[in-house]
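First, one chain by itself: the form predicted on its own, in structure tokens.
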């Protein structure tokens, strides 16, 4: 698989008079968090491999406004949203993919009311489409063959947008033993980061939510915990550290696919 390639910005694409198939919305975590950057790179490599013409906004991309809105600052949300919508509409963007359920939910469900209507796809759904179309092939006896894997449903992907099947379908195609946690799908337990909780001190209680969720994942005896959200990945990774279970990998779906794919 080719690793040395440059992802163009929309400004560069426009300057050349070219068009793209899809805009990759990287998100704040995917741009600045070291753990989430690995997911960004994995997804970019997959998109590059299959020949999809894609670009990013680069410095023109700003926070979608999700944290501000969930924290109750509607004014700040609308200011941030309108700035992004102006940029997206100026480039005549039609389709967007993102690896962040928070960005996915906001772009898909909040932006249309402010004049920003786009086809928005979470990366798990896009990866499922690429595998179904034969554009991404998984290795026989791949990297994760025989491993026990569980999946944590990000709130804004699952309960927020009813996306449950795509990530599970991807995992099951890796020739692994897939096991559900006791609380999954519509009954899934939040990792503790949603609703802008990621950015505030914990409230009083008996235990941290991410410690509880990590404990549930550990009880499945899985060696890999998969998810599809940078915030969930951070919270679950920290939860594993709390329980001294750093031997259990916490990986994004894009990382699983990138490691298991046959890129010839």
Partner chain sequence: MMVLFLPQILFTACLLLAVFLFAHKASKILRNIKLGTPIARNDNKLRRIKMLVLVALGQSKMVKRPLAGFLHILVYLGFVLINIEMLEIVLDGILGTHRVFAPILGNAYFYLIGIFEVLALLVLLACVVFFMRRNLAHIKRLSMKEIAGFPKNDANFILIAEIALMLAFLVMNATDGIINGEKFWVSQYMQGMFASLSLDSLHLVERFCWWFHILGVLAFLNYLPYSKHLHIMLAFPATYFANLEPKGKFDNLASITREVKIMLDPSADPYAATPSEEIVHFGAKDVTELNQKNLLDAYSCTECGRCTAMCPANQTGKLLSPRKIMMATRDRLEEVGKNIDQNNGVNIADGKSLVGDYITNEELWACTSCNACTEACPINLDPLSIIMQARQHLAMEASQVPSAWLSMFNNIENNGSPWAFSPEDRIKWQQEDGK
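Numbering follows the first chain given and starts at 1. Every value quoted in this text rests on a predicted model; they were computed, and no experiment measured them.
Beyond the structure shown, there is the form predicted in complex with the partner chain, which is absent from this document and is the topic of what follows.
Participant: Whether residue 205 contacts the partner chain in the predicted complex should be assessed with a 4.5 Å heavy atom distance threshold; does it?
Facilitator: The answer is yes: residue 205 has a heavy atom within 4.5 Å of the partner chain.
Participant: Closest heavy atom of residue 140 to the partner chain in the predicted complex, within 4.5 Å or not?
Facilitator: The answer is no: residue 140 has no heavy atom within 4.5 Å of the partner chain.
Participant: Is residue 92 one of the residues lying within 4.5 Å of the partner chain in the predicted complex, judged by heavy atom distances?
Facilitator: Taking the distances in the predicted complex, the answer for residue 92 is no, it never comes within 4.5 Å of the partner chain.
Participant: Just to confirm, residue 27 within 4.5 Å of the partner chain in the predicted complex by heavy atoms?
Facilitator: Answer yes; at least one heavy atom of residue 27 falls within 4.5 Å of the partner chain in the predicted complex.
Participant: Taking 4.5 Å between heavy atoms as the contact cutoff, choose which of 169, 117, 73, 87 touches the partner chain in the predicted complex.
Facilitator: It is 73.
Participant: For the interface check, one of 128-136, 143-151, 179-187, 92-100 should have non-hydrogen atoms within 4.5 Å of the partner chain in the predicted complex; which one?
Facilitator: One stretch meets the cut-off, namely 179-187.
Participant: Taking the partner chain in the predicted complex, which residues along 37-69 bring a heavy atom to within 4.5 Å of it?
Facilitator: The stretch 37-69, when checked against the partner chain in the predicted complex, contributes 37, 38, 40, 41, 44, 56, 58, 59, 61, 62, 63, 67, 68, 69 at the 4.5 Å heavy-atom cut-off.
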